[in-house]
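So this first bit is one chain, no partners, the form predicted alone, shown in structure tokens.
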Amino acid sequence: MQAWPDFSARSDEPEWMDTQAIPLADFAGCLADLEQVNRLLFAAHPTMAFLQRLTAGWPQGTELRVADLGYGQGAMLRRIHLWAERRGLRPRLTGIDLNPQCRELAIANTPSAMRIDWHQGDLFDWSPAEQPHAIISALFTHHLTNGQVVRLLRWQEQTASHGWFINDLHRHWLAWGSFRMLAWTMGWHRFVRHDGALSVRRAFVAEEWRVLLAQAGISDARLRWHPMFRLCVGRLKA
């Protein structure tokens, strides 16, 4: 990898997490460090704010169906489950991830009382019995090609009844350099150190999102930058 990458376009270099098989215990350490990254950088806040807007005015006892794409160890859905119960909603949550190790770790880390279905497989093969109200993802779309992102946008638009939200990174040299310094200082897992910096290079800028949305035929999505270099795209349906 060059010392100072080109940030004018998305990198197509594959991330180690997508290409290298490691033992389950080692993978668990990687995901645990990744969750620490997300906590330190307040990564969940934009997604929770979206769900707050989506459910504004919903009466207590209403069922909330949310699907999370690329759930890792499942921390996001566990957080949503607790939040929904505090709001008086009935969470009915589904995680979809291609990696079978993620399902194993999510089940192990989730209290049995939580109503969460951990699905393993291709998201485009997932056929829910009922439409989810919302489809969310975090740090997922930068793993995809532009063509796959367009397909995902169309699929989300067709599948979610109330809206969808993509929480991902803003490609910027300062985000890349800052993460590299933080990762080495914290001594995070080698996959996190490598893939975290590469994720920034694989991520998007605002104009790229506008082009992808236009290609998907979506004209009224909301594109917003959040602190810690989060560039999020979402839509609430009328």
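Since the model is a prediction, treat every value here as computed from it, not as a measurement. All residue numbers refer to positions in the sequence shown, first residue = 1.
Absent from the display: the form predicted in complex with a small molecule. The rest refers to it.
- Between the small molecule and the residues A138, I116, A160, V149, the one pair within 4.5 Å by heavy atoms in the predicted complex involves A138.
- Of the residues H143, R90, R78, R154, just one reaches the small molecule in the predicted complex with a heavy atom at 4.5 Å or closer; this is H143.
- Of the candidate stretches 82-90, 69-77, 107-115, 127-135, only 69-77 has residues with heavy atoms within 4.5 Å of the small molecule in the predicted complex.
- Heavy atoms of A221 never reach within 4.5 Å of the small molecule in the predicted complex, leaving it off the interface.
- In the predicted complex, none of the heavy atoms of T55 sits within 4.5 Å of a heavy atom of the small molecule.
- Using a 4.5 angstroms threshold between heavy atoms, N38 counts as touching the small molecule in the predicted complex.
- The shortest heavy atom separation between L64 and the small molecule in the predicted complex exceeds 4.5 Å.
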